[in-house]
Structure formats: C-alpha cells, structure tokens
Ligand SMILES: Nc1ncnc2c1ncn2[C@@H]1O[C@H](COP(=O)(O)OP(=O)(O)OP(=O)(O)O)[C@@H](O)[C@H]1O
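Okay, here we've got a single chain as structure tokens, the form predicted alone, with questions on binding and movement later.
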C-alpha cells in the first residue's frame, strides 16, 4: 500500500458517518431520482432504467466487481472507524484515525491509516488488544511506515496464520538461483517472508525440537538446487546435513581439526577471490561473475566452539570470525545453527556479525536475546513465548529491522533425500 497525502481538515462525526456510507447513499439517491421523474418518463420508465442498469452490470463484469469491491471497502472503513470511536482512540482535536485505503491479506485485511494530530503510531499499537476485542478478531497489529510518521499500517488478523505445516516450494522447483530472494516462510499476516542471502550471513538458534534443523534444510536445499553455488558443510552431529554430502565441495563431521582445516581452505578461497577482484578492478562478486557464491553451513555451532582442544577451538572461532566479517564481498556466506543459544556458546562478537538472525523457540528470554540481540525480549519479541506445539515458528531479525514472527516450510526426511538427489543430478552427477 502506498502513502498518499490526505486532507488535514477536521471531519465531525456526523459527516464522517455519512462519508462512510457515500456509495450506498449515491445509489439510493440515484434510485429516488429515477422514481421522482417517473411521471415524466412514463410509468414503466423507472423499471426500464433499473433493468438497463442491471443489464450493464451483467455484461460488464469488471464494473460489477468494482462496485462490489467499493461496497466491501466502505463497509470495512465503517467497521474500523466505529472501533476507533468505541475505544475512544482520538487525536487532540477529537478526530479519529482515518482509513486511507485497504487491501486483503491471506488471513485478514490491512489498512493504511492516517493519524490525527496528537496521536502517534506507538500509542495506537498499545491499544491493539482493545481494538481486537472490540472488532471480535484474532489479533490487530500496527506497523510504522518509514516514509512518514503520520501513517501506519494496521493489520486485522481473522484466522490462524500458521497451519500445521507449510509445503516447501523447493519441492516444485527444478533449480534455484541464490541471487534471488529466498522464501523462508510465512509471516503472521499470511504473506511470504523472503531474505536475500548474498552479502549476508544467517544465525539460527533454538531448543531441540523447535524446527531449527528443518529451517536449516530449507536454506541448504535452496543452495544445493543452484548449480553455481559451492557448499562447505560442517555437521557436529553428523546426521543433519549428511543427505547433502553428495552435492557438497566438502563435508566434515565431528572432527574439530578437520573443521579447522576446512575453514582454513575457505579462508584461502576468500583471499584468492579478493586478489582476483583487485586485479579486475571489481569491488565484489556479482551474479554474472564466474566465481559464484560459496556457502558455509555449520550445524551445531556449540560443538565446534566448546569441544576438542582449546587451541583448536580458538583457531576455529578466529577463522569463523574472519569469514563472517570479511567474506561478504567475496561471495562467502555463512549459515550457522545451534541448539544451545547461550552467551558462552554464541559470544556477542560472533552474533553481531550476522545480519540475519532466526530465533526458534528457546527455553528462556535470555536465550532468545542471545540470538536476536539484547533487549528484544523486553520489547515483546521473545522466542520463549512461542507455543511449543508450533514447530518451525521463530522470530526473524533482518539488519536494522524489527523481529518478524514466521513459520518456516516443512521438509520430511524423504523430501530432503529427493531434493538432494535432484541437486546432484542438476550438478551433473550420475
């Protein structure tokens, strides 16, 4: 929905009510005019006029759809305006927020709201539970718009946005391009949520059984189905990523020293790419460049940061920090996951280097903040509050944004095997 200028003139309640019924009033007045002039046009005139109008609507379905849409929008505007008045949500001069336009959502409807003087977005957001109860809906949410503080988007959610599971679109795709937005799940408003992995890194955390591994499979599957992507897989549990070993440039299990060697090799690749970029006067690896993206996936980060010898752990941590901090322009992407999101496992200096963070259900608000960042739980974005029965649901934090609750697609073991085999064939495997 776009932001458009609105009139700032005050509209009393009486005129506001009449304006909400403007379409119905126009139709009624038109009918009365036809009846009033019935004597001049004959006794059968009104019936003929109304029949012609009905005929026009029948043969012009686009007009009929426009009329139905306008009537629906008018009804929704009156509904929202009435809720504002019932909840006494008014500005300094007694004006209520105005609905500028609306659009359907898969699980409800969203409205572009202009705020009267004296009312601001956060104040309206604090009244969401009251509005939801007044409207008799599941939930009402308010989102600020960066273009202007005068406008907010109000989403009215009627039904459950999170079904038992979401089918992965990867199952219908022969191949992917990691340069295109990656579908990560469905948000609370029922709309798809996508991220762009190039020049970004992703950190995933959550307790066992929260759906973290399935979310990781979605990422790896999208990478594997792009034949131009190089994959390095580190799997501390040796079973979560094993299905993708056929399409990986390198697969490492629980051997910490081998993991260190894999990171050293990837660091050398990164340095070689930077040397190539300098020689060819390029600033970063692009979609048309021959190098291609290289994705490092680490499942169970805690194993590599807390196990083995101290010198190996420290070497692993330093190499990881180097790849995450310097790898973006060289086309190196790091995706790491852990089921133990605590400060001793995921230090702040590591977490803050990840521009994307996904917190699945956690056992505590502190664990949630370990992934998302300190203070988000206090603001109401805590993965500890996620219903344990909702697997695959988590808070996604994109750089500079606000956490968004979403449900990731579900991939069974058979689905993963099918995608891995398809990826192997796409890459020329026999």
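Numbering follows the first chain given and starts at 1. Owing to the predicted nature of the structure, the values given are computational and were not obtained by experimental measurement.
The same protein also has a form predicted in complex with the named molecule, omitted here; what follows describes it.
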{"property": "Interface segment, criterion being heavy atoms within 4.5 Å of the named molecule in the model of the complex, picked from 345-353, 147-155, 204-212, 281-289", "result": "204-212"}
{"property": "All of 77, 111 and 189 with a heavy atom within 4.5 Å of the named molecule in the model of the complex", "result": "no"}
{"property": "Partner contact for residue 419 in the model of the complex: the named molecule, 4.5 angstroms, heavy atom", "result": "no"}
{"property": "Contact of residue 165 with the named molecule in the model of the complex (heavy atom, 4.5 Å)", "result": "yes"}
{"property": "Proximity of residue 232 to the named molecule in the model of the complex, heavy atoms at 4.5 Å", "result": "no"}
{"property": "4.5 Å heavy atom contact, residue 237 to the named molecule in the model of the complex", "result": "yes"}
{"property": "Contacts with the named molecule in the model of the complex, stretch 406-420 (heavy atom within 4.5 Å)", "result": "407, 408, 409, 410"}
